[in-house]
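Just the one chain here, the form predicted on its own, laid out as structure tokens.
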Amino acid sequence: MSIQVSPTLPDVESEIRSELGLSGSAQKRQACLSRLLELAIASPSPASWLQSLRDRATAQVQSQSFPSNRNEGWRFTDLSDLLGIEFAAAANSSVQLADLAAYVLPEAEHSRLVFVDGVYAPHLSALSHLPATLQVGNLAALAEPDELLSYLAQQSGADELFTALNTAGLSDAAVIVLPKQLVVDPPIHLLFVATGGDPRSAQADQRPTLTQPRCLVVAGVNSALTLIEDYVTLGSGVCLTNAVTEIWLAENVQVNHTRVQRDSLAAFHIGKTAVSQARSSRYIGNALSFGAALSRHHLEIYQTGEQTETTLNGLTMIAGTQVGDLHSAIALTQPYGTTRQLQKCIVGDRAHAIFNGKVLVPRAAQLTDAGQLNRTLLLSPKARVDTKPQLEIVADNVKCTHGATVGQLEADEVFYLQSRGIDAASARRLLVYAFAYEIIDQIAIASLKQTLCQFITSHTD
């Protein structure tokens, strides 16, 4: 027998106020969203043809509410820490190349674009060793409205709140346009630098800042590219990075894309990667997240042609009280599509990892092959993970699998290594390293792979 307790009068009043959008929490959420939108639309537009995009995105933001735990998609990710922060626009910062020495990749020494607080920094960039037919640079230098307007902010999901917020403030972007049949040999390194709390900033009071990096990649038929997308923070102040990357793959294109988020532990990071794949295209995406007090990455793949191949490798490594969230959606809309997704999480101390992955297979996507797996390693009794792999299948002639595993370091494995003369701490580091290396090994850039391996071993208790 169940007993229902009638709510008290204050509870009823609270519910009514919530329904009317009058609760203190709702007011704080909307005030935060209004402030962020105000900062976004205050950014200057470099071209008049962008204004219609910005206006449309502004209307989309105004029609939505700031996410709370009542929203199913944000049930495990609490953004309430943002509500009391008064963000400001980032001020000019005198960042020099020496400040970025730890992040420069030798393989991309002459194929690097650097953006500081979302603004292109030509004195930090180097583009001398790239093919002449490749269009690469910032939005202001490469803007061709007739071509870019058919791609910029045109991916499915462009109306999602934080994506629309980025578009509402669109003032600069990294742009890469590959003509057909061009194979770019050197990797292109996109380095996005946030200067929250950096002493070089001209902003005297060091208020929390909002930066909104943007990236657009358009690859023509039979082209190929290796892309590194890197997010770092100088300084230890509070900042919010809201990043959006759109990638368009034409027929028979191959793109190897690695995204690394290593912001400071005082930062907040919200990112969106949207990829559209035409027939016979191949996309390899490696997404690695280490930094930020709270990070969330929306990864959306749209297979729009037959015989497309998608490989997604992900690694989230967090500790302390960090929150790391990956939300992915893979839509296989045509026959003969293939996708493989492996997401690994290493969670220490009181950190919280979230994985929500969807694979969508409509009736038209017959003879598709999809596999999805989330594996989590908990390094502390108080570490936590919420995992939700999902398959939504309507087609009846497919091969689809999904699963999740959660575990801890095995005492027998640690003991075995100790019996071979390795101390307990080193044994733990070695086992964590082996767990992560399956993902790290997929990175095509040797220097970046080495840097990340060193980071993993140095941040394992």
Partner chain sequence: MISENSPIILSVNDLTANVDGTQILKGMNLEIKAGEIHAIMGPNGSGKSTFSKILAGHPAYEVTGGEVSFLGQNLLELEPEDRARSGVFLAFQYPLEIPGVSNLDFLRVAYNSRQKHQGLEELDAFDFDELVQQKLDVVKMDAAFLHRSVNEGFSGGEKKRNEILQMALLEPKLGILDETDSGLDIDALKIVADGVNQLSNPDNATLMITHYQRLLNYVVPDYVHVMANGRIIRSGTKDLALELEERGYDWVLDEAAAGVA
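What you see is a predicted model; the values in this text were computed from it and never measured. Positions refer to the first chain, counted from 1.
The same protein has a further form, the form predicted in complex with the partner chain, not shown here; the description that follows concerns it.
Engineer: Between A424, A31, A42, A59, only one gets a heavy atom within 4.5 angstroms of the partner chain in the predicted bound form; which residue is that?
Structural biologist: Exactly one residue meets the criterion: A424.
Engineer: Please pick, from L417, L53, A26, L37, the one residue with any non-hydrogen atom lying within 4.5 angstroms of the partner chain in the predicted bound form.
Structural biologist: If I apply the 4.5 Å criterion carefully, the residue I get is L417.
Engineer: Wondering, does Y433 line up within 4.5 Å of the partner chain in the predicted bound form on heavy atoms?
Structural biologist: Close contact exists here: in the predicted bound form, Y433 approaches the partner chain to within 4.5 Å, heavy atoms only.
Engineer: Which residues from 73-99 come close to the partner chain in the predicted bound form, meaning a heavy atom within 4.5 Å?
Structural biologist: The stretch 73-99, when checked against the partner chain in the predicted bound form, contributes no residue at the 4.5 Å heavy-atom cut-off.
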